[in-house]
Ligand SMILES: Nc1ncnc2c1ncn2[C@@H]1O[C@H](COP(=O)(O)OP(=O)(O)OP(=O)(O)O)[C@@H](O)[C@H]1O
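What follows is one chain in structure tokens, specifically the form predicted on its own.
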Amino acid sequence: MRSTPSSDPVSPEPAASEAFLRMEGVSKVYPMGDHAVFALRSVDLSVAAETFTAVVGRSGSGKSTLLHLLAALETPTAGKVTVGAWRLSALDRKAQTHYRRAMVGMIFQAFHLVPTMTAFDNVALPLVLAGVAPERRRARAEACLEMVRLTHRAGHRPAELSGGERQRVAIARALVADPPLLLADEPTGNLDSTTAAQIVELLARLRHEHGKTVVFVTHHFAEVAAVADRVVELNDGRVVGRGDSPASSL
């Protein structure tokens, strides 16, 4: 059992054969004039498939950088990042795009919905950009809105939706290409505590019912404690604690 992220002993990493994603000796350095800023320092991390991993830490701890590396939005300065059969640190830009389309659903704090489009059209947009046939993308968008229990709001634009509904649309959009990996970057940051809890529960349900691997970045351990299988704590770019959460023993 855990009470705070750093209160437990380190739990064993999944074996290499069991890990869905791996970070091995990963560092990320940003040049700042005559100085270098280390966002991540020699991070080793393994995550098993179809689990919910929470990455917690204060602002500037390296959480978002870690997520961007897993999304192939950035490349590591040193080390190796592997997701499934993809070695991300070896991909060129074209291959990074293919990887994201095939493997990753991104969920952001700010929703990033197109304001002039309906909820349905926002969800279907990735399939439009990928050239998916209209009948197939309609069926898939409808299915994803059903997954987040928002079919009754399909014809509404973002301005007509609550914050929680907008985030549900964003989650449905992340699901529409059926990626195995969901990366959530502070997805509850703009929501009240009740709505935030509902979003966390939704992502946990998607993990269980649809076999998704979820990596959830947050400042607040308490909001994920009941659902996360593992908690990884970052501080100043280093992993300073990791372990099973209470949810893993339920």
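Note that residue numbering follows the sequence shown and begins at 1. Note that the structure is predicted; figures quoted are calculated from it, not measured.
The same protein also has a form predicted together with the named molecule, omitted here; what follows describes it.
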* Asked: Each of Tyr30, Ser61 and Ser64 near the named molecule in the predicted complex, meaning some heavy atom within 4.5 Å?
  -> yes
* Considering only heavy atoms, tell me if Glu223 and the named molecule come within 4.5 Å of each other in the predicted complex. => no
* Asked: Counting only non-hydrogen atoms and a 4.5 angstroms cut-off, does Ala39 reach the named molecule in the predicted complex?
  -> yes
* To do: State yes or no: in the predicted complex, is some non-hydrogen atom of His210 no more than 4.5 angstroms from a non-hydrogen atom of the named molecule?
  => no
* How about His219: is it within 4.5 Å of the named molecule in the predicted complex, going by heavy atoms? -> yes
